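Only one chain is shown below, in structure tokens, and it's the form predicted alone.
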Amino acid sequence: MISLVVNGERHKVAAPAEAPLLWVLRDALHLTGTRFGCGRGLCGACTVLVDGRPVRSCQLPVGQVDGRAVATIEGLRRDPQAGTAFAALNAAWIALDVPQCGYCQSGQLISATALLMANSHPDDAAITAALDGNLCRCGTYRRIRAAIHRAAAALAGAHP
């Protein structure tokens, strides 16, 4: 049995230690907001936070997160560390109409949340570095960047 803390709740799952975290989240815990994209850790659709850091869940064996804290898109709003940044990002995402098809957006938001938790005033270079590997086939990168800047301004108390 693998013991996980996902979105603040303890879970014990019967899964092989080498099973990808993504499949445990989706199939055992029914948290389907984390997407399967490429299965190789290259597209970022499967990004989750593990102990506050963004990781590709399709490449991370669930045995490596035994006892660690995992946050998915479903739980970010109520996460004590990430919740404020995620709420500002979510508002900016909506205000700027960021998603087109939306498939990549959970991974984009997870990575952007981790960025704002580590750097409250990211410049364009920091945003590019933090979201490198989070692919958007619709090409909404300019809106994603603008939303991150808007969220950072909102968190700083400025009017976005």
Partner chain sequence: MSGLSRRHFLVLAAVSGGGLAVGVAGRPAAARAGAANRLAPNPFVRVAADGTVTVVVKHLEMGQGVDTGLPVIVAEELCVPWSVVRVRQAPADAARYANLAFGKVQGTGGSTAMANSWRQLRLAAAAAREMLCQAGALRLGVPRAAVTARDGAVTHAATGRTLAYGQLVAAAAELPVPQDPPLKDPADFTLIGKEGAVGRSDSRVKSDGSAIFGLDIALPGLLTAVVARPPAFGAVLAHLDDRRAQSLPGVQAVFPIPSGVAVVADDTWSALAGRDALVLDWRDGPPAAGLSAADLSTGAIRDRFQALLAQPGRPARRDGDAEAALATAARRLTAVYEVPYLAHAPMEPLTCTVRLSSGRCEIWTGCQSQTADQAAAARAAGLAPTQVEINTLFAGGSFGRRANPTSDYVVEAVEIAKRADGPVRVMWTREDDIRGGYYRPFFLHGLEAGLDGAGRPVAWRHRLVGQSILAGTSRAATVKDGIDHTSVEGAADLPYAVPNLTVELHSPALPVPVLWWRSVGHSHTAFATECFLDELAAAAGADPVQFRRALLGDAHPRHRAVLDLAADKAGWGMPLPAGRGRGVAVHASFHSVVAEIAEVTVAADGGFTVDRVVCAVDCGLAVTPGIVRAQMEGGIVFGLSAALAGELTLDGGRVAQSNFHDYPVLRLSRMPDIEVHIVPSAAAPTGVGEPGVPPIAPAVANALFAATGRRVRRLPLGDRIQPI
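Numbering follows the first chain given and starts at 1. As the structure is a computational prediction, the values presented were derived from the model and not from experiment.
Note that the form predicted in complex with its partner chain isn't included here; everything after this is about it.
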Does its partner chain come within 4.5 Å of a heavy atom in each of 30, 104 and 132 in the predicted bound form? yes
Is residue 149 a contact residue for its partner chain in the predicted bound form, using a 4.5 Å heavy atom cut-off? no
Verify the contact flag for residue 18: yes if a non-hydrogen atom of it lies within 4.5 Å of a non-hydrogen atom of its partner chain in the predicted bound form, no if not. yes
Counting only non-hydrogen atoms and a 4.5 angstroms cut-off, does residue 43 reach its partner chain in the predicted bound form? yes
According to a 4.5 angstroms non-hydrogen atom cut-off, is residue 118 in contact with its partner chain in the predicted bound form? no
Does anything in 88 to 117 come within 4.5 Å of its partner chain in the predicted bound form by heavy atoms, and if so which residues, in order? 90, 93, 94, 97, 99, 100, 101, 102, 103, 104, 105, 106, 109
